[in-house]
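Next up: a single chain in structure tokens, the form predicted alone.
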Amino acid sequence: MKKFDYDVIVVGAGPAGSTAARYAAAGGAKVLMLEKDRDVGYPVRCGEAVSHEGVSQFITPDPKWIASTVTKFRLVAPNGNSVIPNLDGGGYVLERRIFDYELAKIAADAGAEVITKAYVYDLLRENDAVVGVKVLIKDQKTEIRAKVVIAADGVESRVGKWAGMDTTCHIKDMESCAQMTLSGIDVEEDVLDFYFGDSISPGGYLWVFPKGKSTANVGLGLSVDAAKKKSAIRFLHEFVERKYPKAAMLTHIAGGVPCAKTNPEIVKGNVILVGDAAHQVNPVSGGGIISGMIGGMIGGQVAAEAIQSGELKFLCEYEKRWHKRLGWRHDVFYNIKNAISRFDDSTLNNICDSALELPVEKRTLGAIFRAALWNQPSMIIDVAKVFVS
């Protein structure tokens, strides 16, 4: 048998990939992380908002990668009325380029090697078994052998497909998204704004996430069916022209976000999927930074344990731990998403009005969800489980 170059190869250096590399290396595995772009953290395709509770379990909050500290968020109904739910904790709007860079540094400090401009174009196989990757580094084709491959290569993971997993996200579970970073606008620095309504983002929502006193990420996500009639970019431009007519546009991106349940298969042989590759995005919010990092942590830990035990079949433990930690919640959120995405403007207005009738101290996010789903008793029980836990 040929010698393995590494115990674990991680493909992709986003938050999920860097976290997987970090925990695999910390567990004693020899780890290599490969990133196809020239720089870790670029380009940014994200709203960049995270909760304090979520991010602080992985890294101590640092002003150098925090654009704004958030203390509340506001839900704006189609008729313009709004409600600010009570929050148990705050959050941050990140500078993702710096944040991702820091996560990769932590992985390197744990012992992982990192190579950028490394384009993985296939898996390396021997006797029908995956034994590494084929990668283009500095225009040279190279084969690198490893016992475990962790795919953190994004939506509809190519690595996962090569391993025999169906990573395709059904069109009904994809959100069409667009975002601008605007400057020269008036925003509240500590408030996240979410707008709802058929004229703004049918079947989804529009967000304004402040990045300082006069800058914000302004974006939206809507159902693919709605986007067939009018594109997400057009909806976004129309909102910005109305709300921020004098804004300066610093960035402009568009793409798809999976708002599905976890991929049916996230382990096959010695290949595992983490982050967007595993569809570990919250189906309601479309947020995937923290959930992807949790998936990466579990994946890295399990990979290291499998290496140390010499039993690669132990990798199946990853799927069990993910579903116990967070996957079950995403199943519930998926059902909630399908319910609320069908709400018309009148229903959304009524939900906001019902929330405003509650005493201020009882205006929690859980209470708002319960009000929204009052005529679906089985879902109210699921909502209660999520918010109690």
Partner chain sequence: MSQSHLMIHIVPGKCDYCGCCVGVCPEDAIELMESKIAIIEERCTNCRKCVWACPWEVIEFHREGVTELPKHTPQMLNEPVKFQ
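Residue numbers count along the first chain shown, from 1. Since this is a predicted model, take the numbers as computed values, not measurements.
Same protein, other form: the form predicted in complex with its partner chain, not shown, and the subject of what follows.
*Listed residue (232, 271, 104, 307) with a non-hydrogen atom within 4.5 angstroms of its partner chain in the predicted bound form*: If I apply the 4.5 Å criterion carefully, the residue I get is 232.
*asked:* Give me the residue from 250, 191, 224, 98 that has a heavy atom within 4.5 Å of its partner chain in the predicted bound form.
replied: Of the listed residues, the single hit is 224.
_Taking 4.5 angstroms as the heavy atom distance cut-off, pick the stretch from 85 to 93, 311 to 319, 162 to 170, 127 to 135 that is near its partner chain in the predicted bound form._
Every other range fails; the passing one is 162 to 170.
*Contact flag, residue 237 vs its partner chain in the predicted bound form, heavy atom cut 4.5 Å*: Residue-level check for residue 237: yes, a contact with its partner chain.
*With the cut-off set at 4.5 Å between non-hydrogen atoms, does residue 254 touch its partner chain in the predicted bound form?*
Residue 254: yes, in contact with its partner chain in the predicted bound form.
*Considering only heavy atoms, tell me if residue 158 and its partner chain come within 4.5 Å of each other in the predicted bound form.*
Residue 158 belongs to the contact set for its partner chain.
*Even though its partner chain is not shown here, does residue 290 get within 4.5 Å of it in the predicted bound form, heavy atoms only?*
Judged by the heavy-atom cut-off of 4.5 Å, residue 290 is well away from its partner chain in the predicted bound form.
*Check, residue by residue, if 260, 337 and 370 all come within 4.5 Å of its partner chain in the predicted bound form, counting heavy atoms only.*
Checked in the predicted bound form: no contact with its partner chain for any of the three.
*Even though the chain is shown alone, can you say which residues of 102 to 119 have a heavy atom within 4.5 Å of its partner chain in the predicted bound form?*
Contacts from 102 to 119: 117, 119.
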